[in-house]
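Just the one chain here, the form predicted on its own, laid out as structure tokens.
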């Protein structure tokens, strides 16, 4: 199978999910996720394992599915376009460092089976093999405010009750399992449509509006494209759509025109 470029994939009308026309939901749950480290591997990375600066929408969906205990590959429809809306706001300055790590291969041929005599079998990498060193670009103390709405009322109540209780079925992490995450629940909020005028100060990262950001002196502005939607297939899963986020790496607002903002808990955000 040939490899497609990101642009080819995004423009594929048969396979791509539209992320440009998300309706503003009427209510949402709001949380902040943070941790000492984070790594959201960029799909185009090679020798240096670079990270996305904004937690990808697919990672948010996976993290919330882990909170509810939904199995791998079992939550893509729940977070698909038309069934969910998510806004992502960096609330701390985005910083990265390069961190070399020594790793062992976890491919099938390099795993050893333990307790195989009629008991539960556990497979672990062979500790006697040589380590490979990889250079990871990691986020330092990342923190994001997440607003999420689900069309499925039963799942929405389940997520709300779990967050209110401060529980999680699986241990939440920021990308890699060793980068543990803390979740702070802010509450269930009504979402109001913002009628601020032609130009609006938006606190969240702004999806798919690169040309509509009003550049201002002293305000930094960066853009990155990341996976937004997944689809289950015969091989497990595949990326079904991307979103190009424009954001302020200093965790401040951006002035934007021609978007459909919403007000949540006194903040202005854009859902996708």
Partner chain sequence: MLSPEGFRETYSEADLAEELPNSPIGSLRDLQYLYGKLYTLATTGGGEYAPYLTPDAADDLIDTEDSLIAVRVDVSNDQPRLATDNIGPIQLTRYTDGLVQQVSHCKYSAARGIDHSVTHQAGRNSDPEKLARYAKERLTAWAMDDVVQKVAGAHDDGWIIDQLAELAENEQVLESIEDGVIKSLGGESATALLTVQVRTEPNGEYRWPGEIDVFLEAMRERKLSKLVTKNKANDSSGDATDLVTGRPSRTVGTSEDPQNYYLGKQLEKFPGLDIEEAWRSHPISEDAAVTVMNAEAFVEACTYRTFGTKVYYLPYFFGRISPEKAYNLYGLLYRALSGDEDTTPIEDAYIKRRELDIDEADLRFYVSAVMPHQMSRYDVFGETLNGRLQYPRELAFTHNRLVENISAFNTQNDWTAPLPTNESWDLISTNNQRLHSVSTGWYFYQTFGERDDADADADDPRIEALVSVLGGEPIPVEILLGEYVDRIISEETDDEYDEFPSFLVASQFAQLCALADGDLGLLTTTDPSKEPITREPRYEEHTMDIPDSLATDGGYPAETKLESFIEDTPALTPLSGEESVTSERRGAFLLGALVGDIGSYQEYSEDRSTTLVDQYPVKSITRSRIKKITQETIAKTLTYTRQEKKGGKSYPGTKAEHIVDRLRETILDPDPDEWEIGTDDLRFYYALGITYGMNDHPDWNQTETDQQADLEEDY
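What you see is a predicted model; the values in this text were computed from it and never measured. Residue numbers count along the first chain shown, from 1. Each form is matched to the other, and the largest set of C-alpha atoms that superpose within 1.5 Å is called the rigid core.
Here the subject shifts to the form predicted together with its partner chain, a form of this protein not shown in this document.
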- Query: Within 4.5 Å of its partner chain in the predicted complex, heavy atoms considered, which of 188, 83, 135, 129?
  - Reply: 135
- Query: Can you pick the one in 207, 241, 56, 38 that has a heavy atom within 4.5 Å of its partner chain in the predicted complex?
  - Reply: 241
- What stretch, of 199-207, 26-34, 219-227, 59-67, brings heavy atoms to within 4.5 Å of its partner chain in the predicted complex? 219-227
- Is residue 166 close to its partner chain in the predicted complex, meaning a heavy atom pair under 4.5 Å apart or at it? no
- Please run the contact check for residue 193 against its partner chain in the predicted complex: heavy atoms, 4.5 angstroms, yes or no? no
- Task: Indicate whether residue 98 is a 4.5 Å heavy atom neighbour of its partner chain in the predicted complex.
- Result: yes
- Query: Looking at the partner-bound form in the predicted complex, is residue 106 within 4.5 Å of its partner chain by any heavy atom?
  - Reply: yes
- Message: Going through 48-76, which residues have a heavy atom within 4.5 Å of its partner chain in the predicted complex? Please give them in sequence order.
- Response: 48, 49, 50, 53
- Message: residue 125: after superposing the rigid core, is there a C-alpha shift of 2 Å or more between this form and the one not shown?
- Response: yes
